[in-house]
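Shown next are two forms of a single protein chain, provided one at a time as structure tokens under the names structure 1 and structure 2.
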Structure 1
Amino acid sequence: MLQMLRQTLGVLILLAVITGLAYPLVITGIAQVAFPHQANGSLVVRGGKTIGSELIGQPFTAAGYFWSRPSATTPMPYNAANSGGSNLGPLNPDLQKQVADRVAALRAADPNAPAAVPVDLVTASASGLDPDISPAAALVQAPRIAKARGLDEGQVRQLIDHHTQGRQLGVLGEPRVNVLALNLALDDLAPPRPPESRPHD
């Protein structure tokens, strides 16, 4: 009995120290030296101010910004301290209503929007923090952005094209556009108009 206790505690405590303290601390040390940007959350700094993370989406609702995907996090969208999806089942009437409402909001902001909107732009992501939209979801917003910013639609499309990331290594994942990077580039290209002129804020 005593021998069993010594064996159990000896193995448990030593392995706990190795796997629970030594291992994460060594990895943290190496990561902080070799990949300091990534290890600290891939933060975006502009003009000395931290304005988010490259990997974490942000909510955008102004007509002059590309909108991100809907986010189901609480109590506010894109809450990066409380990730999660809607977990609505495929036949849940709430889901159908939410999708229909989002389609309607997009049409309200741009009456010329096509009848069917790219699905990722009207469905909540799994994490609630998806930083990306599909190229289709970006392109469908181009006319609205061009109008709100006083830009030529071609310029906006060019910007989307420039910010579209292809499949990684040519095959993995899906093509995508990082919304924060795209909107920051948009601000550089044509500074946003003052807030009172935004029709949808």
Structure 2
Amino acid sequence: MLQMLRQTLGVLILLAVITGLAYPLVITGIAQVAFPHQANGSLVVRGGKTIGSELIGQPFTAAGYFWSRPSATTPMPYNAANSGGSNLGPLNPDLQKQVADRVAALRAADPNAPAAVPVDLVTASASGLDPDISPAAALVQAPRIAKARGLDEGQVRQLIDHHTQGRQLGVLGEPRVNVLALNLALDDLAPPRPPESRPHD
């Protein structure tokens, strides 16, 4: 009985060391060597300052920037410590009001915008952290941004095309545009006019 207990305890300790210490250290080491950028959060650095992550959305509200997909995380939007959707059904009055308010905000920012608003500009993703929008959601914002920046709309559209990523492996997911990368490229093309602020301010 005592010998069986010692053997069981020995196996438990061995497995704890392998799965709880050795395996994580090996995987972390491989990741740091092979994929250091991804292993450290895919952080975006400008001027020696971290301004965001390629994987986590952030809010943009100025007219001269592309707006992100809404976030339903609490207690604040794009809270990476509390990922999740609103869990509101399509017939829920609260969700319908949120969508109507978001459509109204888009209309107020650009009264000449097309009648059809891409769904990802007015509904949150399941994670609430989506850093990407669809090319359609970016293109519908192009006239507003061109006007706010004093750019030709064609320049903004070219920027969107350049930053559009296709399906993963050609078949997975949908084409998408990373909002932070797009806004930084926009700042490089034409600095924001006052009182706009850069994403890292």
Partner chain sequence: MGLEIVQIVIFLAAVLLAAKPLGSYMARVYEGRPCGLDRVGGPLERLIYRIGGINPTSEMSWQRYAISALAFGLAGFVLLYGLMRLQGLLPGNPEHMTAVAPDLAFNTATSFITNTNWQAYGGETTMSHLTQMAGLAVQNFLSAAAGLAVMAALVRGFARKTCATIGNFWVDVTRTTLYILMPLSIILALVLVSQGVAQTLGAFPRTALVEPTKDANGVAVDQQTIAVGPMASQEAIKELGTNGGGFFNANSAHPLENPTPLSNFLEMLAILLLPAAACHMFGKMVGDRRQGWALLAAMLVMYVGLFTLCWLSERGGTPQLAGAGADIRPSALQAGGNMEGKEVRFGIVSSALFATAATGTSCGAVNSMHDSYTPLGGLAPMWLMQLGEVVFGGVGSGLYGMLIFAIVTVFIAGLMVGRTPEYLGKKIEIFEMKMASLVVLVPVLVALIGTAIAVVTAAGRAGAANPGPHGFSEILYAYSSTANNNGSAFAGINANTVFYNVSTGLAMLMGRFLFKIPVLAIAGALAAKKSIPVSPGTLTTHGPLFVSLLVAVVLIVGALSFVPALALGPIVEHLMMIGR
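Just so it is clear, the model here is predicted, and its values are computed rather than measured. Rigid core (definition): largest C-alpha set, two forms, superposition within 1.5 Å. Reference numbering: structure 1, starting with residue 1.
- The form predicted alone is represented by structure 2; structure 1 is the other form.
- Core-aligned CA deviation for Ala185 between the two structures: less than 2 Å.
- CA movement of Thr8 between the two structures equals 5.6 Å, with the two forms superposed on the rigid core.
- The Cα position of Val17 changes by 3.1 Å between the two structures once both are aligned on the rigid core.
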